[in-house]
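Below you'll find only one chain, the form predicted on its own, shown as structure tokens.
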Amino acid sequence: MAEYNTMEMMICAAARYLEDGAAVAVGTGAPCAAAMLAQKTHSPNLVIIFEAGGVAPILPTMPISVGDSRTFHKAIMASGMCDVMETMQRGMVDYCFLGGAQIDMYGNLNSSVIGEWSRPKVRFPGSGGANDFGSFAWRIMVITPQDSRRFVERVDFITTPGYLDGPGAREKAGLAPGTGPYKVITNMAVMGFDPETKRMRIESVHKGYTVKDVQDNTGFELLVSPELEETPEPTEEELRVLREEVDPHRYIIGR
């Protein structure tokens, strides 16, 4: 098995969840690399959507922003932000990739403030399109480091709704049934969500880590899937495509 780093592991693990023919809304960085890897390997008909309006481009190289001209390269549509958000509202986007400074056991994300809203210790950029993406895409995916400062019992501010406070809460808030957090991919594990309680649970652990390692780096109690497994390592072909075609200059995988 070829050697790989943490970022390569996370990107390869995330890419495998994007099936052929699905639609995924992404930003730049690791989520974009995962979508590109999926498109160049097992999902040639993956529809990649960027917030600034690029729909289904064939990405030649890694874009540096959602408005980069490469996000429109050979796209089927060069639209705008309103069109993309309306497409999300119509329920036509299967996946979105999001991140944040904090995430809790129900998959709620905070990318706004640490501390009180009126007197924050730290203020972040805020929602951008994250609230819209997380509210209207069918499945939310997150790539983030495993750290107890990020994985907190209660987020300081809900920028993007996960399952809010548990079963039925999204529906009560007016969001479509069946939507919500799907996978959280970290440097240690892949987490999903229990279908009954909507709480985060460990589904697979990366090679070299244990359930205890994951729990020790989480600020709340994680559930453990009864089908717990070891995350498959990146294949030589995945690594070749990632290194030679997706990110040859190592902008992302070199971090």
Partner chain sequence: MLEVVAEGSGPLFMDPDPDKAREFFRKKNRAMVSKVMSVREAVEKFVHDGDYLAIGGFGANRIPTAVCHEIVRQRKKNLIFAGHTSTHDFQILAAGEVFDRCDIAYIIGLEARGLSPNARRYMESGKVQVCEWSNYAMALRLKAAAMGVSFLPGRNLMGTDTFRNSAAKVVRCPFTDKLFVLYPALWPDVAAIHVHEADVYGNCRIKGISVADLELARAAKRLIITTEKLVPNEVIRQDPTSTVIPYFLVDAVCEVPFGSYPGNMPYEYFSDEEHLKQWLTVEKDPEEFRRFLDKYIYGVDDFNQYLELCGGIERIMQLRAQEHLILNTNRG
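Numbering follows the first chain given and starts at 1. Please read these numbers as outputs of a predicted model, since none were measured by experiment.
Quick note: we don't show the form predicted together with its partner chain, though the next part is all about it.
> With a 4.5 Å heavy atom cut-off, would you call G54 a contact of its partner chain in the predicted complex?
Yes, contact at 4.5 Å.
> Find out whether any non-hydrogen atom of G21 is located within 4.5 angstroms of its partner chain in the predicted complex, and reply yes or no.
Heavy-atom contact with its partner chain at 4.5 Å: present for G21.
> Is the gap between G80 and its partner chain in the predicted complex 4.5 Å or less for some heavy atom pair?
Yes, G80 lies within 4.5 Å of its partner chain in the predicted complex.
> Would I58 sit within 4.5 Å of its partner chain in the predicted complex, counting heavy atoms only?
Taking the distances in the predicted complex, the answer for I58 is yes, it comes within 4.5 Å of its partner chain.
> Among M188, V66, A30, M200, which has at least one heavy atom within 4.5 Å of its partner chain in the predicted complex?
Flagged contact: V66.
> Using heavy atoms only and a 4.5 Å cut-off, decide whether all three of K121, F124 and N131 touch its partner chain in the predicted complex.
So, yes: the whole triplet contacts its partner chain.
> So which residues in 71 to 92, when you check its partner chain in the predicted complex, have a heavy atom no farther than 4.5 Å from it?
Result: F72, H73, K74, A75, I76, M77, A78, S79, G80, M81, C82, D83, M85, E86, T87, M88, Q89, R90, G91, M92.
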